[in-house]
Every structure is written in C-alpha cells, then in structure tokens.
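Encoded as structure tokens, the following chain is the form predicted alone, with no partner shown.
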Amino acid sequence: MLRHLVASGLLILSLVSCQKQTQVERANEEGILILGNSNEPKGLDPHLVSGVLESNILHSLFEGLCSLHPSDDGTALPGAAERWESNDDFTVWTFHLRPEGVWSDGYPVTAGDFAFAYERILSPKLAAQYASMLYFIKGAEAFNRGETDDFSSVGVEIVDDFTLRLHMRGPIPFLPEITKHYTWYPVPKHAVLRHGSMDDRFTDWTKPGNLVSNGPFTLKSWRVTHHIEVEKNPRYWDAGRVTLNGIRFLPIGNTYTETRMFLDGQLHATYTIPPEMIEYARERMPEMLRQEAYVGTTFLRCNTERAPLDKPGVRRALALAIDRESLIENVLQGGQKPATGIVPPFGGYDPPGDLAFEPEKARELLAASGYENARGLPSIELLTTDRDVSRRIAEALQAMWKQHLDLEVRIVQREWTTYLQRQQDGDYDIAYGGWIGDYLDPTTFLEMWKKGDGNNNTNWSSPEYEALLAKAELTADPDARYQVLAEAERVLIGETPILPLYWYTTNYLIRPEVKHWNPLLLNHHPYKFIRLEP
C-alpha cells in the first residue's frame, strides 16, 4: 500500500511540473548540469576532506597529474601532466607538466605547486585525515608521522618548473591511477599562502572569490544547505572540450525529497534512490534508472578501546548475528551482495573473508567473552548519519542484535560533519560507515587499517597485518601479491575491528539528455566529457 501511495504522489508532482518550464529545462538551455549530492560538504580543501560527496565537487575544480577516463576506470589520461614515464621497476616516475597549464587566475601550474601540495598534506600540523594516500612516496610516512621535519627526505624532486620526479617506497606500477585521486591534486601555493600558513586548517582560500583551481570549472557560488555552483574555467588547458557552462550540486539529505525533485524536473541526476522506489522506477521509467557495479563496501567500525568492543569475541559475535541477506532483501533492495570481507571481488582478487549469518555461534562467542545472553554488557550506541536510509539500516541491525543476542543498542543520528568528527575524535561505540575504492587495487581497502591512518578510527592495529602489507608491496608477481593481500585481510577479518555488511551497487536516476555519463566501477564521472542534449 505504501508503495502505491508514494508512487501516486510522485506521479501527481510530475504531472503538475509539465504545466510550466522546469528547472531542468531552463538549465538545459543554460548548459547547467544539476546534480543531487547527498549532504553539505565538509569543505572544498582537497587535503582536509575524505568523503565521496566532497570528491564529486573537487573533480570539477581540480586536476591531478593524470585525469579520469570517461568510460574506463583503469585508464589514466593526461591531465596537468602531458606525459610520464617510469624506470624499469616502477620505483621512480617522472611527470612532464604541460607548459600551457595555468591556474584559474592565470598563474602557471608548476612542479613547485605539486611539491607544495604534497608537503602540505603530509605536514603533521595540518593533520590531514587522508595523508596516507601519499605514503607510496619514499619517506612520506616518516615525514607525516613527525619522525623528521626535513621534507627533502621525501621522494619529491622538482627537476625544473615543468618536470616532477617521484621516488617511491617500492614498485608502484599503478601510480598514474593513484594520481587521479584528489589527495594528489596540486593546490595553488600563492593562493593558499595569501590566506594563512601552509598548514593552517580551513582558511578562506577555498571560499568563493578566493578559490583558485586548475580544473575544467571554477567555484562560482556556495550557499550553505542550498547549493554549490561551479562555472566553466576559460583558462583550463582543455577548455575547448568542455561543453557544460556549469554544474550545480544540491545537498539533499532526504532520498525521498531528492526523488520528488527529480520527478518534478529539478535535477538531472540523483545521488541515490530510496530502496522502496527502485521497483517503481524499474517498471515506470527504466530508461532513467541506473543500477551499476560499484567498488565499495559498507561496514561498521568498532571503537576497540571501549568495553565491550575491546574484546574480539564480542565484535565477531556482533558480526555473526547480522543477517546480511535479509538486510539487502528487505531494506536495501538494490542488488547489493553480502560482504564476507572488506575488499569486494574485482580484478581477479578473491575475498578470503568467512563471515556469515551464524546466530548460534554468535551467542557462544558472546558467552565465551563473559557475557551470557548479553547480561552485564555495557550499553552500546550505534552512530549513523541523519539520512533516512541510514536510519532504516540502523534499525534493522538493532532488531537483529536484540533478537539473536538479546542486546540493547541505542541509535544515535548526527548530521554529516558531526558524524565524521565524532569518529575522528573516537567519540563512538559502533559507527555505520562505508568505503569506496580510490583506485582499482585491493590496497585501497586494506591500507587504511594501519596504525595511525587518518581513516582507521577504530584504535585497532596489528604488526602482523602491516608486515603482510609491506610484504605484498615488494611482491612483483600479481597472483602471489594477491595471495599475500588475502592473508592480510584474513588477519583483519579474524580480529573483526570492522563488521562488513554488504558490497555496494549504485542505484540512481538520471535524465536521458545527460550524455557520456558512463557506468564506472569507481563512479567518478569526468565532467569535461559530459554533454546536455535536450
């Protein structure tokens, strides 16, 4: 019944919208792409954010050494660098910047800007959560951890204004793919220092009128909780290829509101679609529904310093009491797959995780940990975002733990920035979370659980785990390397600081006039190739 009521209401809204020109119709005439983007971004500093919704905006504003391919995740196109090469064992890479590359204020984009950016994100004082993305560079980790304050010890070499040489800590044959990530973007040294020191956090350099970028678009306006709009950058080196005049990103946290706005002609594409609406969309507007593979995993972080989550047996009991099939079938309904580990299956990697729905074994583990039928357990909170889907997932988990373990869990919802900050501060028991691959290699899901990583936030670490990751980095044979990485994942899942839930698919709505928006495993769509053809 609910489905039919929702569908009827949405149909009425779409009929009303036909009586006048919609926002999308006006935007088509103006060449403006309108996208739902989930929530208000934490910021627009590439070194101080870590979420997908922020990256969606940053991809429009900045460009790294290599850039995104419109239809192949595994191909790196020339970006700020027009060409590059490596030595035979992939430990030294040389990037040749294009001399015509300039910032949006006309200053040249130089090797010095990249070196400044890499020193900045690795600066201990900046406390960049995502600094570990640059640990592939020789000496980067030691510098970031404060073991040395001499940046010349880091393998970043300025050969000349337009030649950057990077010395890696080991063989990194996939470095061009990594440089497409926003943590590897340059930042304008002259603009950053105009508004503070190198390592000052959240200064005015990223505000409208101040932000200087080197990508296909520049920041036009930012109305908090309303929109962020970017406009075409006439100084971008490949501006002739860019057909959009701008992009408007809308922070719509409620998925039902977002779907209504799409059907009412206010959006070209949604960030997602409510699970209850997937079947309706499949039946009524299949040409607008996208259901695509997505290299990502949803999981729960455990704060392993807080009782009772300091006991591996309790954490594993919680994992085994989750009926992932039921969660997908009854709540998500988007073709997701139950996650047995943290790394989703792709590229020949076979996840070694053994997590399944075993409530009886879960009760045994809880009892063995000193908690018979959950009696005596300290209270547990489950932290999640204020999105409606997040609430329903949390309620499903809450019910499963109550049913199978007699465990009382309290749900705590917070808006996006507070939700992120509480995890960074360790102010949580269990936190709902997820991770989208930054590049197509298992290490994008495994490196983050090392001690001190800014995205770990579980207080868990393992010397054995990190030794296996180090071994894998020195293993040249691809199959043997995957085996070592799988062994590392077994250690992680065995101690269960995280509770994997499901492997992603992406489900969203997109209008037919949006062209060259292709299915991509990482869901990074390079905007300079997108066209609007009404």
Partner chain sequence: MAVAEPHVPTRAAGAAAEVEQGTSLWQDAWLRLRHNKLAMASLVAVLLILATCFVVPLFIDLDPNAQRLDNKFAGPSAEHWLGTDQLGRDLLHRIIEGGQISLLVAFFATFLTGIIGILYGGISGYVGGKLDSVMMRIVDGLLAMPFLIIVILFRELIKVPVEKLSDWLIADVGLSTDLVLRFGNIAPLIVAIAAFGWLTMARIVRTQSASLVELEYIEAARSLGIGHARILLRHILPNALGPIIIYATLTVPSFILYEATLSFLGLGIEPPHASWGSLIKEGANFLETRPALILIPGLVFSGTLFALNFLGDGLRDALDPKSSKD
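Model, not experiment: these values are computed from the prediction. Positions refer to the first chain, counted from 1.
Beyond the structure shown, there is the form predicted together with its partner chain, which is absent from this document and is the topic of what follows.
Q: Among 210-218, 255-263, 167-175, 346-354, mark the stretch whose residues have heavy atoms within 4.5 Å of its partner chain in the predicted complex.
A: Stretch with heavy atoms near the partner: 255-263.
Q: Is Arg194 close enough to its partner chain in the predicted complex to count, meaning some heavy atom within 4.5 Å?
A: Contact with its partner chain, no.
Q: Hey, in the predicted complex, does Tyr280 get a heavy atom within 4.5 angstroms of its partner chain?
A: Judged by the heavy-atom cut-off of 4.5 Å, Tyr280 is in contact with its partner chain in the predicted complex.
Q: Using the partner position in the predicted complex, report whether Gln398 sits within 4.5 Å of its partner chain, counting heavy atoms only.
A: The answer is yes: Gln398 has a heavy atom within 4.5 Å of its partner chain.
Q: Against its partner chain in the predicted complex, would Glu82 count as a contact residue? Criterion: heavy atoms within 4.5 Å.
A: Output for Glu82 is no: heavy atoms all beyond 4.5 Å of its partner chain.
Q: Tell me, which of Asp406, Glu415, Glu100, Glu372 has a heavy atom within 4.5 angstroms of its partner chain in the predicted complex?
A: Among Asp406, Glu415, Glu100, Glu372, a heavy atom within 4.5 Å of its partner chain in the predicted complex occurs only for Glu415.
Q: Considering its partner chain in the predicted complex, which of Asp161, Asp89, Glu329, Asp310 comes within 4.5 Å of it through any heavy atom?
A: In short, Glu329.
Q: Is its partner chain in the predicted complex near all of Asp149, Val156 and Lys189, within 4.5 Å of a heavy atom of each?
A: No residue of the spot touches its partner chain in the predicted complex.
Q: Can you list, in sequence order, the residues from 380-394 that come within 4.5 Å of its partner chain in the predicted complex, counting heavy atoms only?
A: Heavy-atom contacts to its partner chain in the predicted complex: Asp386, Asp388, Arg391, Arg392.
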